[in-house]
Structures are given as C-alpha cells and as structure tokens.
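Shown here is one chain on its own, the form predicted alone, set out as structure tokens.
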Amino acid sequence: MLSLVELILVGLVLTNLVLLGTSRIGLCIRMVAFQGVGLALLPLLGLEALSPEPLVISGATALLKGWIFPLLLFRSLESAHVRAEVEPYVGYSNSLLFGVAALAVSVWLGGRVPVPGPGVPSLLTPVAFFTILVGLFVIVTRRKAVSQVVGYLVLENGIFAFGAVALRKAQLLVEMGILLDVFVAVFVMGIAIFRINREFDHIDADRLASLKE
C-alpha cells in the first residue's frame, strides 16, 4: 500500500506543475478535481481494517473535492465568460521555474524534518510542503478570481495530504473540520465571483484595488 501512497504523491507533484504551466482555467479545475480524487484514497490506505471514520472521510473528500467544488468553479467560469488566465502577474515560464525551485527546497527541507510516524513515506512532507507553496503562489500571482480559488484549493490539498497520512488517530476531527472550512470558503468565493462579474463585467481581482467610495 505504501507504493500506492507514493504514486498518489507523485501525481500531486505532476498536477501542481501542470497548474503552474497552463493558462487554461478549465484545465486547472480538472487538475484540482484529479488531486481530490487521489487524495480521497489516502485515508483508506495503510489501514489494517476498515472502519466508518476513514470511509466517511474518503467519501466526503471524493464528493466535495472531486465533484462539488469543480462543478461550482465551472459554473462560475461559465457565468463570468472567461476561459484563460491571460496576463498573470508572473508568466508561465517563470511560474514553472518557481515550481522547480520550490520542489527542490521542499525536498531539502523534507530531508531535515523527521518522519511524522511509522509507515509514513518520506515523500509526504516535501510533497505536502510543495503543494502548499504552489497554492500560495497561484493565489498571489493570478489575476482571475477563479484562479485564486483554485490556488486556495491546492493549498488545502497540501494540508489534507499531510493530515490524511500522518494524523490517523485524529483523522476524522481534523479532516472533516478542514473540509467544512473549505466548503464554506469555496461557496462564499463562488458568490463573490458571481457578484463581481455582474457588477463590473470582469473577474480581475486586481481591479478591485481601484474602486473608490
């Protein structure tokens, strides 16, 4: 089972690099959905016997991250009539360079942080840290509100990946709390995107700085 966990973590790294290198917001949403489906399997792996708690976490994760969140984002994308992130603050080539550098730093830091517990793969800490950095980078460097919501989901995926593997004893409390927070955040952000687009005919978050009373 450990090899399957590592495969999911490698998939997380690859989808993060795709997110950094593409301008197509629809593809970014699909990558986040793909991450969510992979992460939904983590609570079930490495267990000697299945119990209701990991099944609830896995089912809720697959439902929210793999279907509901992407559906809400695609609807926001359609209502805003936008398909691509045309002029981000940081270009896509430089974003990929950041991704490579962030991955190297994450691996370096992961090698100096002790493994959280027995049976936890050594890739977990660097991949989780790398995913969090990518999420923060997307939030800061993308102009479209939908892209920033995607960045928020990627950041949470990094936290979820670490918690799903390393914090098995308090898994239900921790992960359900995180999922509830993310659900509320995405719901509110979806409403905000709709209102911004209706009032100002665009969803460029940087233009909000020019609003005056």
Partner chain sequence: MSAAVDMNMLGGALLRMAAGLTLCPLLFGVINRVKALFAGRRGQPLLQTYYDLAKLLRKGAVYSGATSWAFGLGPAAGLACCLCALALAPLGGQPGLFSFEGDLFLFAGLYSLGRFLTATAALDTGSSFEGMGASREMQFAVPAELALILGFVALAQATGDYSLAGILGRLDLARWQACGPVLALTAAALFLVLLAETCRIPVDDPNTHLELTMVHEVMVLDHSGPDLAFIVYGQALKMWTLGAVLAGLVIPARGGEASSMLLGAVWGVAGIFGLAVVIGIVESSMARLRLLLVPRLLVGATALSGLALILLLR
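It should be emphasised that the depicted structure is a prediction, and the values quoted were computed from it without experimental measurement. Residue numbers count along the first chain shown, from 1.
This next part talks about the form predicted in complex with the partner chain, which is not shown.
Interface residue remark: Tyr92 is counted as part of the site for the partner chain in the predicted bound form, having a heavy atom within 4.5 Å.
In the predicted bound form, the partner chain sits within 4.5 Å of a heavy atom belonging to Val107.
Remark: Leu123 counts among the residues lining the partner chain in the predicted bound form, judged by a heavy atom distance of 4.5 Å or less. The closest non-hydrogen atom of Leu103 lies within 4.5 Å of the partner chain in the predicted bound form.
Residues with any non-hydrogen atom within 4.5 angstroms of the partner chain in the predicted bound form fall in just one of 65 to 73, 22 to 30, 35 to 43, 52 to 60: 22 to 30. Shown here without its partner, the chain carries Val13, Leu17 and Leu96, all of which come within 4.5 Å of the partner chain in the predicted bound form through at least one heavy atom.
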